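As structure tokens, one chain now follows by itself in the form predicted alone.
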């Protein structure tokens, strides 16, 4: 007995996909993913309509979704992140039903609770055996952790594994086990592993970025949190990765032994693990191929599910044990609210991902951003979208100063004592506008194109079409 079927078409028929259902996908192949497009094309050819697509993230490689939306194949879209390729079309108002943006923790929480039920989950698996035991750690399309696919596999009514490396039963080094899997489909390729690298996973060489990164490391040092047992997460942007490098230098110099690094793991975090800065890495998503190699070979580099990573409804989650997280921003307003969903013109080009989850959980949540981008100030009166509420953000680091949230009086005193360039956030706004001028107001239409759902399930903001 095995669960292998001859084709994706057969698996879709056996799984009983019908118009009006919800199908789901994970994004561990990132911009190299073939599976979402492969499945949606098959569904479209079968004449299936009115589908909800629940994809943990949508990348530029998923632009064929635009035609499926226009043709009525897809009428609702749920995700945690959306790249600009699809985001611009959504912002132009092509969907009647608003997109639902969740966080990396909020998505599995709503799947587990039944708030967003999944009829059929399609799991891209770099390796699977004939019964559906599967992993992302090995195979020609190895992507590392499959953390975002766990909730889909465990709670969908039917689960289809799609793999380009079918191996004999049993695959003992598995991520997701056979007890959740209904069908296995072997295909020629599930994606391009080079597409796992997002394009942002390189340390910046920009002098402005390096100034911010060095300052960020000094803020952590002055906060009092940088000591044995320290836990840490950084984003994959150039400045935040550079800050991790400066932090590594401090930790090695002062012989500080951290407990764990968390999140989407990059090669730079792997370097910190190998250098002894951390005892463990907890990995929900590999951002580059060095991280994929590490999770395959190093027992101290562990895979975690999105529930374990950040679910607010779990009995505990790793984000709740974080000391420091470094994050980016498109905009920050005077109340420290952060936008990572849209560009400065209000067009969708991102999403919270784990941004608001980690900001809520960490003892110190730090935003690293330049004072301006494309001659537009980073600090505004009011952000285009509240992705992460200001009450959970502690510090904004720019190349022209460090602003501390007024609710963190002791932290501000510590940073001032360390002679760091502390100022009020209003001063940063004024400095940026003195250079760039005050930005013009962005014009929006009256159509809601997306609801931004906070990790606790509440709608924290709405996005309108861009005129």
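Keep in mind the model is a prediction, meaning the values are calculated, not measured. Residue numbers count along the first chain shown, from 1.
Unshown form predicted in complex with another copy of the chain; subsequent notes refer to it.
Trainee: Test of understanding: in the predicted complex, would residue 157 fall inside 4.5 Å of another copy of the chain by heavy atoms?
Mentor: Yes, residue 157 lies within 4.5 Å of another copy of the chain in the predicted complex.
Trainee: Does another copy of the chain come within 4.5 Å of any heavy atom of residue 302 in the predicted complex?
Mentor: Although another copy of the chain is absent here, residue 302 would touch it in the predicted complex, with heavy atoms inside 4.5 Å.
Trainee: Classify residue 266 as contacting or not contacting another copy of the chain in the predicted complex by the rule of any non-hydrogen atom within 4.5 angstroms, answering yes or no.
Mentor: So residue 266 does not count as contacting another copy of the chain.
Trainee: Evaluate residue 280 for contact with another copy of the chain in the predicted complex, applying a 4.5 angstroms cut-off between non-hydrogen atoms, and reply yes or no.
Mentor: Contact with another copy of the chain, yes.
Trainee: Using a 4.5 Å heavy atom cut-off, which stretch among 325 to 333, 306 to 314, 82 to 90, 218 to 226 contacts another copy of the chain in the predicted complex?
Mentor: Within 4.5 Å of the partner lies stretch 306 to 314.
Trainee: Taking 4.5 Å between heavy atoms as the contact cutoff, choose which of 71, 179, 255, 297 touches another copy of the chain in the predicted complex.
Mentor: When another copy of the chain is considered in the predicted complex, the option within 4.5 Å is 179.
Trainee: Could you spot which one of 131, 349, 273, 95 gets a heavy atom to within 4.5 Å of another copy of the chain in the predicted complex?
Mentor: So the residue touching another copy of the chain in the predicted complex, by this definition, is 131.
Trainee: In the predicted complex, do 245, 371 and 442 all put a heavy atom within 4.5 Å of another copy of the chain?
Mentor: No, because 245, 371 and 442 lack any heavy atom that approaches another copy of the chain to within 4.5 Å in the predicted complex.
Trainee: For the stretch 230 to 262, which residues lie within 4.5 Å of another copy of the chain in the predicted complex by non-hydrogen atom distance?
Mentor: Stretch hits, in order: 259, 260.
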